[in-house]
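You are given structure tokens for the same protein chain in two forms, set apart as structure 1 and structure 2.
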Structure 1
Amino acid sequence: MIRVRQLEVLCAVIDLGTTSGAAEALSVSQPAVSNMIRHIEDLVGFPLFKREKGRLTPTPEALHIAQEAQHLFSQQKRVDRIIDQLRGGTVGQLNVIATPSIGYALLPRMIAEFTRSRPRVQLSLEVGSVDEIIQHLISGRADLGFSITSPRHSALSVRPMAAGDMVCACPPDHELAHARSINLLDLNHVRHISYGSGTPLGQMIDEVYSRHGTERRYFCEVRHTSTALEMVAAGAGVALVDSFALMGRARQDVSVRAIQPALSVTLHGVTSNLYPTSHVALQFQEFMREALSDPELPHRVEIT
């Protein structure tokens, strides 16, 4: 069987007419080229060149082989380009799933920035609960997950991506919108949208109330901060939301205030240990981490 390197030597001799010229072009010795041509002729079982006055004239059979070899060289170059693109993360398939506070505002903005220089990356974006993130990753339906709550599963790798805070979102004309910061306990005295005690955010907030010897009171229970944020924008009341839910777009329908005591949250990037993580997925995860650590980027939210 003729190898690709042998075909390269054959084509070089045909193009340049001498073994010395081919040797110089291929950065090998002239005897090595001559031996290679003889070996190829032994393999195919018929002459490929006529030797005339120091030049090699290719036979019609040699020209036919060389013509077919050009298709192979073109395919090889295409494969090399694809490998370079995959190495650079400019092509590939990226399947992402995130919790709503990440998936509705921040993540679309990050994806748009990431793919601006990678137009050939094929994307799939889903929004789901932490349990759905786990199932998508361990089944191979997603390459990356993003969540405020750290998923707990032995088959997953969880990486802290960025630090955030719980903040108070208010309608712009609400009385609390005029305060510099808001005491968490004061939310019991206004129409308050919050999370069930069985949710991670609800449990975190309940711990604060418990330390002060009281219970949290709210008029509307939701599961996700994105839902609470939309209710605030509609004027239904105030709500604690994670700061990541406010990134990605400017909102004129919501005022944001810091809370006391402060409650920190962390955005986690999640991958599966059951499947190799693609290069483009790793690149996007690192892109997210770097973007979220840059205070100058336009997706940051100003908290007063």
Structure 2
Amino acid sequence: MIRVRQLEVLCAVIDLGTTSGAAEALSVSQPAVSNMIRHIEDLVGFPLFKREKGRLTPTPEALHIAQEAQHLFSQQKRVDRIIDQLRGGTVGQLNVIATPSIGYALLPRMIAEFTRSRPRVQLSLEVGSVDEIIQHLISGRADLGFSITSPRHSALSVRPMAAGDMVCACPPDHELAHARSINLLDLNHVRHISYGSGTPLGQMIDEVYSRHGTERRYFCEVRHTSTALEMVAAGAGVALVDSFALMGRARQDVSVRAIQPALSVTLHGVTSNLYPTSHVALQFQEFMREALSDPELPHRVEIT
């Protein structure tokens, strides 16, 4: 089987007309070219050049081969270009699935920024429950998941990406907006939005209440912190939300206050062990980790 390199040399000699010219064009020495031509002729079994008066003139066969070789070169360049794109992560597929608090505001922004320099990445962003995240990852429909509650599944790899806190979001004109710090138990005294006792978030909060011998009382139950946040923004009341839900949106319509006691949450990146994780997916995960750990970034929520 003839090698690409051999065809390259052949074509160079045909194009440039002399071995020395071809050698210069290929940045090799003249004897290298000369030997190669001789070698190819041995290989194919018929002369590729007529040697006359110390000059080389290509035979019709050589011209024919050179013509056909062009397609081969372009295919090789094409593969090379694709590898280059894969290396830069500018090509590929990235299917992300995340829980609502991350998926509604933070992730769209992150993805927008990430893909600005990678125009040829095929994207999808899905929002779903932890169970759906697990299903999408183990079935291979998603490459990368993000979740606050860490999914427990042996086929999944979970790694902590960033630390956050539960904070209190309230309308700017709300009485609590002026308090320095808000005790979690005080929420029982205002109309507020909270989460079902069956959800991980609800359980986390319930635990604090039960430690103090009281019970949580709220006027509206929602499932996602992002939903709660929308209601707060609409002036319906106050709510506890994780700080990730607040990231990535410029909100003049909600004030944010720290709570006592502090409740910390962690954003987890999740991948499947059943399939190799693509290069773009790993790049995006790293991109997220860095962006979230950078305190200068505008995604960051400052809690006044």
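Residue positions are counted from 1 along structure 1's sequence. Take the two forms, superpose them, and find the largest set of C-alpha atoms that agree within 1.5 Å; that set is the rigid core. Note that the structure is predicted; figures quoted are calculated from it, not measured.
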Query raised in the report: Between 1 and 2, where do we have the form predicted in complex with the DNA?
Result: 2
Requested in this report: Determine, after fitting the two forms on their core, whether A12 shows a C-alpha shift of 2 Å or more between structure 1 and structure 2.
Outcome: yes
